[in-house]
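In the structure tokens that follow, the same protein chain appears in two forms, which are kept apart as structure 1 and structure 2.
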Structure 1
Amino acid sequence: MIFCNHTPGEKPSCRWRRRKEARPEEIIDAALALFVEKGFSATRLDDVAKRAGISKGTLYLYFDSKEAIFRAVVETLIGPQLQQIEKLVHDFEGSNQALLRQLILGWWRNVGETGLSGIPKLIVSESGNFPELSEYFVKHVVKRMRKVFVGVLERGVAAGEFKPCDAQVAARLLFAPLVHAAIWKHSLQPWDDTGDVPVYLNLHLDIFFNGISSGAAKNE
């Protein structure tokens, strides 16, 4: 932030002053950007503080480690997305096929097209060095998301909309292209841009539903 002190008729004298405080959200946003750009191992708390425009001491008022910041990323940025998904599933009145299509495309729109899309690659690449972060992410994001998909698939089977299947396996298959697209985006896409992700996801869904549909309901 720039402050200028001068009296009328004098040339303004401006200097930079470091902000004394920052909201935790600003620290979380700065950390997420650095985690995606540099990786978890290479990101230092000094880097996060600098990106957020605060001192390292101020950062420690809110977070005592990079791991704590990562957990805050999950809780404050991904958690609300999962809550919206669970509410949508609870309130949805259309077919289960239409619901699953909305969930897949909505996840890419709200997560895949944001900085959060870098987290799958981060987790995969850093899982050996930081197993506790991987365990945390699987418990609070992967399993929670899978539970939603399994529930919708089981509901569709019970309604006669889908063929009987192993819903756990089907849920992994259904969600896999989202993970692939996110990892590709933050790794090989600069050298091999495979095109529009929603087009890719819609084709995947067409193939998936063609295989799992009982024929009792038309695509919506």
Structure 2
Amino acid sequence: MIFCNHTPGEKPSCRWRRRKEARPEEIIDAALALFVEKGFSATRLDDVAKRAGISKGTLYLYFDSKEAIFRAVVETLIGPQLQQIEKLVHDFEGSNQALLRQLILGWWRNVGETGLSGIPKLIVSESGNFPELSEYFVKHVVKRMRKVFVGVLERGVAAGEFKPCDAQVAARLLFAPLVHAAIWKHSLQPWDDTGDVPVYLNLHLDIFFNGISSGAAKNE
């Protein structure tokens, strides 16, 4: 705790090191973990600094305020994920059901099982205190994400693969268990570890597609 800032496997020959490039990411990672665990208000910057292996003053060399760190956490971590998802949809060849399954399970693998899974809880928790951030999140994340799902669902309906339905609502239903699982993982999971999530998601997908498929093929 006293000696720090050494690249792994290096002996502590000095009190600290200059690592201008690495700081921001380390700060954001530390802040994400603490914000998710404790919430924004209850997180002390001293703790963020300690976790990032620096002093509190250093935080202010890279960010203007606690709130700026919060915004950076949210805004920098989600862009890449969305791009990857949109790419997957664009390149995919196969049935729409298979694509949606892959989207759901892929999201869980890339987001749900990583530190990113804490972001939904964080956003939900702080929505009342950061309305502008919530607006940003809805506009640039939720709606963009939903657009992908709605597109695939509508394509599936047009192709006769799914029953006709309100794709907006169906998209929300399809995605809800993902969000639910992610939030759960960071809140009540420790006291109710009900099996692993992929099992949960697979049953969801089976029921959902069995329920929405246009009757033609039934997967047992």
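It should be emphasised that the depicted structure is a prediction, and the values quoted were computed from it without experimental measurement. Here, rigid core means the biggest group of C-alpha atoms that superpose within 1.5 Å across both forms. Each residue is numbered by where it sits in the sequence of structure 1, with counting from 1.
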query: Pick one: is 1 or 2 the form predicted in complex with a further copy of the same chain?
result: 2
- request: Decide which of Ala170, Gly151, Val36, Ile78 coincides with the hinge of the rigid-body turn seen between the two structures.
  value: Ile78
query: Just how large is the rotation of the smaller rigid part between the two structures, in degrees?
result: 14
- request: Could the core-superposed CA displacement of Lys66 between the two structures be given in angstrom, to one decimal?
  value: 4.3
